[in-house]
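Listed next as structure tokens is one chain, alone, in the form predicted alone.
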């Protein structure tokens, strides 16, 4: 198992290098540079701009600039924001916990609803319940998150006044108020994942229920609940564990629209604001950190999969 995890960890290094190169090159292809943006409101001569570019290292070739940037990243220096003049890593670490809370609530809702629905659909295969669950899952995959978020705001914030329409309260400041504020965006973010987890759980359960050991357990006279929970569901959840970790990583990087709709000052909104204001260091840092989080969660999923799958441990 250790060799397997080391192999998976070794694959993460070239992946991060490729991501960093793509982000850096795409940023360089955009019109303008950091010197132009920083001095947009100043009346400077061409010589002044040349001196500023030299001070920022922008007069060097792209490969040299990339290596300088990556050397800083390795040391924990992601650069400085062009707008706030704050260290990029400091800004990211300030916003990341907000998105982490939102993604955590979304994945809890997704697992808490999607897995039971998948089990029920598998046990009731071909029935009206199965068709209804699949139809609901297809709806969850089809509805745009931004539209769903606006509808929830109109229904539960404007009409019923049950939840706030926007804003964020830190759990350290008021835990219950924070949950109350984040419940609607968490539901929006979880809507698609509920359907994904439901369909994968249903498919895995249908495969497991056909296995000989499940028929043997039933032949021994065990209660159906024991057969489903202890024998079928336990093995069916092996691929779902991997999927859940991957989906959690996707939620961290995919909360952009949800945070925009609900005005949540998180990781996704930071990325959107950085793109609109052309704050290149922020955009580069956010994408690279998001890639690191996604790869780390994939590694944890591999570790969890190996720990519950004896065949992986044997190899």
Partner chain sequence: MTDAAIQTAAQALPRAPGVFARLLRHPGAVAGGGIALFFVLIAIFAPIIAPYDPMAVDWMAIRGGPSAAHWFGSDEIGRDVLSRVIWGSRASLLAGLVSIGIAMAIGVPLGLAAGYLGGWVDAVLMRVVDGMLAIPLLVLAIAMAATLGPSLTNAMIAIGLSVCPIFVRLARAQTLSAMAEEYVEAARAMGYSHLRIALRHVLPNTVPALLVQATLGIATAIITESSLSFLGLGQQPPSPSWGSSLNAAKNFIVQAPWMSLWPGLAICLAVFGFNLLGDGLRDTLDPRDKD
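Please read these numbers as outputs of a predicted model, since none were measured by experiment. Numbering follows the first chain given and starts at 1.
Only in words, not in the display: the form predicted together with the partner chain, which the text now covers.
Q: Using the partner position in the predicted complex, report whether residue 76 sits within 4.5 Å of the partner chain, counting heavy atoms only.
A: Residue-level check for residue 76: no, no contact with the partner chain.
Q: Does residue 199 make contact with the partner chain in the predicted complex, using a 4.5 Å heavy atom cut-off?
A: Residue-level check for residue 199: yes, a contact with the partner chain.
Q: Do residue 22 and the partner chain come within 4.5 Å of each other in the predicted complex, heavy atoms counted?
A: Yes, contact at 4.5 Å.
Q: Quick one: is residue 64 in contact with the partner chain in the predicted complex, heavy atoms, 4.5 Å cut-off?
A: No, no contact at 4.5 Å.
Q: Thinking of the partner chain in the predicted complex, which stretch from 114 to 122, 237 to 245, 182 to 190, 149 to 157 has heavy atoms inside 4.5 Å of it?
A: That would be stretch 149 to 157.
Q: Enumerate the residues of 277 to 303 that have a non-hydrogen atom within 4.5 Å of the partner chain in the predicted complex, in sequence order, or give none.
A: Contacts from 277 to 303: 280, 283, 287, 290, 291, 294, 295.
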